[in-house]
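Listed next as structure tokens is one chain, alone, in the form predicted on its own.
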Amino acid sequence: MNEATIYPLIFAGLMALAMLIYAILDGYDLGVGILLPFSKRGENDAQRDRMIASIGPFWDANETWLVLAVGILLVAFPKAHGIILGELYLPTAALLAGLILRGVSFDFRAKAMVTHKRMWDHAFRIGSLMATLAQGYMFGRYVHGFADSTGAIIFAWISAICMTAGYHFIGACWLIMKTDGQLQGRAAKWARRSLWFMAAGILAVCIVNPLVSERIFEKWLSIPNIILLAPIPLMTFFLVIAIDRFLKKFPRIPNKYCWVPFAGAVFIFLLSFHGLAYSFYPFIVPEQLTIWDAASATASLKFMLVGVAITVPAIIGYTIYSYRVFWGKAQKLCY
């Protein structure tokens, strides 16, 4: 392969990595935001404070990965950036408004009087819901190649609901790992409820993807691909069943194996993302532009790779350090 082939592949890989890490890391803190007001007023105020404390040291840094992914799309694949953001202008605006509302409500909550905390809790939840629904809707439109048919729009809304369920699930799994006592038990029930909605969304994408693209149909369902790729959906199905059984009996012993649901959620996200990447490769805009069609000039990519080679290790290093410092159960959050 020559440089004109290799550099777009490198940037496509980096963008995919940033999107995967964002979905996992910001996914759980978006999920905690969705779950927040479900705890009742009064005796559960301490539980809400602890839920916020569980994401406090990480949530804003988690969003760095979204900025990195969009930045790579803009500078490395400008043609694709124009098409994708042009088709998804309104949900992108809703996503940004949701993230801004989350940031404002999180910081104001920390300084608000006790009587006003509930209002900021609701604002944080609304911001989280706006962000997850917008992401799911954008993903549904992307799978359908930005078609404007009634079926495509209905699928986009189904995708929005199921992706919100996926974030709800991984957020509950995070709380199982980072808390204990009554809140941990409630988180196990929340996780079990949303698990099957998320699984339904994964199944819907598995059915729709081959139906809207003959190329994807051939990649998954031709012989011998259908046999070689069977472990991906089978492992996903096995994990869903295993996590459901685990959550049903959790906790037999308090905090014993409390990390298992979150690890299972991460594996489900990895398998789903792997399946999507395989389906759409080498297209960055489904059935319209390949990563090579949309890439910037090779000289520009070589120059930008120097900056990325500094930025990405710095973000990874900070992420690992912050999780190491705040390892263990969530403690009281102080400003």
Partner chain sequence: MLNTSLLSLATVAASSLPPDAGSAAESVVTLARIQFAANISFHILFPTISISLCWILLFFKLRFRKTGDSSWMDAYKFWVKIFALTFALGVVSGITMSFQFGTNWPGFMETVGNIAGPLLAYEVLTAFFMEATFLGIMLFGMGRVSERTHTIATWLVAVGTTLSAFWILSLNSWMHTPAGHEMIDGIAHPLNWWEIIFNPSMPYRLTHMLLACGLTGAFLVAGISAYRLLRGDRQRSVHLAFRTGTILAALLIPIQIFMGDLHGLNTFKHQPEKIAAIEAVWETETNVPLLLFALPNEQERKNDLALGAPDLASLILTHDKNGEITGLNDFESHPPVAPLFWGFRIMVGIGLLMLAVSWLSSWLGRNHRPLPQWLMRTLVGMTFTGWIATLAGWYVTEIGRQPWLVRGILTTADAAAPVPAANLGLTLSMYFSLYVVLLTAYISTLFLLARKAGQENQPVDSERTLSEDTLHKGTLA
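Because the structure is predicted, anything quoted here is derived from the model rather than measured. C-alpha atoms forming the largest set that superposes within 1.5 Å between two forms make up the rigid core. Positions refer to the first chain, counted from 1.
Not pictured, yet referred to below: the form predicted in complex with the partner chain.
You can rule out all but one of 189-197, 212-220, 236-244, 106-114: in the predicted complex, only 106-114 has residues with a heavy atom within 4.5 Å of the partner chain. In the predicted complex, at least one heavy atom of Phe303 sits within 4.5 Å of a heavy atom of the partner chain. The partner chain is not drawn, but in the predicted complex it has no heavy atom within 4.5 Å of Asp293. The shortest heavy atom separation between His81 and the partner chain in the predicted complex is within 4.5 Å. Heavy atoms of Gly275 never reach within 4.5 Å of the partner chain in the predicted complex, leaving it off the interface. At a distance of at most 4.5 angstroms from the partner chain in the predicted complex, all three residues Val67, Leu85 and Tyr321 contribute at least one non-hydrogen atom. Think of it this way: in the predicted complex, the partner chain has a heavy atom of just one of Val260, Leu95, Ala204, Ala147 within 4.5 Å, and the residue is Leu95. Just one of Ile161, Ile153, Val75, Val208 comes within 4.5 Å of the partner chain in the predicted complex, counting any heavy atom, and that one is Val75.
Shown here without the partner chain, the chain has Ala297, Ala299, Ser300, Phe303, Met304, Val306, Gly307, Val308, Thr311, Val312, Ile315, Tyr318, Thr319, Tyr321, Ser322, Val325, Phe326, Trp327 in 297-328 lying with a heavy atom within 4.5 Å of that partner in the predicted complex. With the core held fixed between this form and the one not shown, Ala277 has its Cα displaced by under 2 Å. Ala309 shows a C-alpha shift of 2 Å or greater between this form and the one not shown [criterion: core-superposed Cα displacement of 2 Å].
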